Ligand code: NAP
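Only one chain is shown below, in structure tokens, and it's the form predicted alone.
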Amino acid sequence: MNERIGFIGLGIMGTPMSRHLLNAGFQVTVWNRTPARARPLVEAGAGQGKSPADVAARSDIIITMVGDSSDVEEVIARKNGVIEGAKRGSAVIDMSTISPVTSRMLALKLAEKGVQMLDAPVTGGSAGAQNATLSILVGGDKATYERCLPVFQKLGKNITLVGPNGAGHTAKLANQILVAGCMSGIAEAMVFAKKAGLDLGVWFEAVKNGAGTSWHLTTQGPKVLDGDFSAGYMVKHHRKDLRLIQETAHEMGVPLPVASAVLQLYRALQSMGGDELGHQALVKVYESLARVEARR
């Protein structure tokens, strides 16, 4: 635990992740745009950085867990960013979900200062962050990956080096295509079954262990049935992911008919005021079209 850790971004994911590192015995320095979010961690023993640059100056490995590509670029490469405080030989790990293009650009900028970068987005939602069971998809060089592996092992259970810089974010975007297909299929099936007059509780028990099952059906399905749309993963974040997928697919010339359609459905949910809800709230769009409520 000799590596000093900096953690930037203390939201739904970042707060429990940084707490795991603190509890594991790492010396942790934290920073968040809203300083009050850092208070519980500081009270638990973390240091509080004055800026991302200050966090970097006090750390050997700096982790960023923020919103979009522009947010990561701001905390790493702009005024008072990580790049201003990071020492030669330190490492930066971006665990957000952003554009692979932005990630590779930042890796090159950091390399000019002798700082290595990994992109290491996660999947598993807030429950995975709280329970340290995240799947972590890592892009970067093997030596830096092996150096940072003890840190990853305090945050997740399934940790994979998938390729060079940018590969981690590309793998995460592909994962989000899977998630989009699952969530839209669940919503469509539930509304169809309810409109046909089935008891949704009975239907769910009948199909949850069949060929159509998935992690999302067994974890998000019961929430829909109970009308629980609290956020483990917010609509606005999934909508952002789907936008990044579209941008990346456009560069590659890859058609994505299902992901494109689901993005439009999430935009419809945004227009209904659902951006802060959990992404299982996608069912609300289908419900409004079919004029039925998919509950037990």
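Residue numbers here begin at 1 and follow the sequence given. Just so it is clear, the model here is predicted, and its values are computed rather than measured.
Another form, the form predicted together with the named molecule, is not on view; read the next lines as being about it.
Practice problem: Pick the stretch from 55-63, 264-272, 250-258, 32-40 whose residues have a heavy atom within 4.5 Å of the named molecule in the model of the complex. | Solution: Going by heavy atoms within 4.5 Å, the stretch is 32-40.
- Task: May I ask you to check whether Ile12 falls inside a 4.5 Å heavy atom distance of the named molecule in the model of the complex?
- Result: Answer yes; at least one heavy atom of Ile12 falls within 4.5 Å of the named molecule in the model of the complex.
Would you check, heavy atoms only and a 4.5 Å threshold, whether Gly125 touches the named molecule in the model of the complex?
Flag for Gly125 set to yes.
request  = Decide whether Glu84 counts as a contact residue for the named molecule in the model of the complex under a heavy atom distance cut-off of 4.5 Å.
outcome  = No, Glu84 stays farther than 4.5 Å from the named molecule in the model of the complex.
At the 4.5 Å heavy atom threshold, is Thr97 in contact with the named molecule in the model of the complex? Close contact exists here: in the model of the complex, Thr97 approaches the named molecule to within 4.5 Å, heavy atoms only.
- prompt: Taking heavy atoms and a 4.5 Å limit, what residues of 52-75 are near the named molecule in the model of the complex?
  reply: Result: Met65, Val66, Gly67, Asp71, Glu74, Val75.
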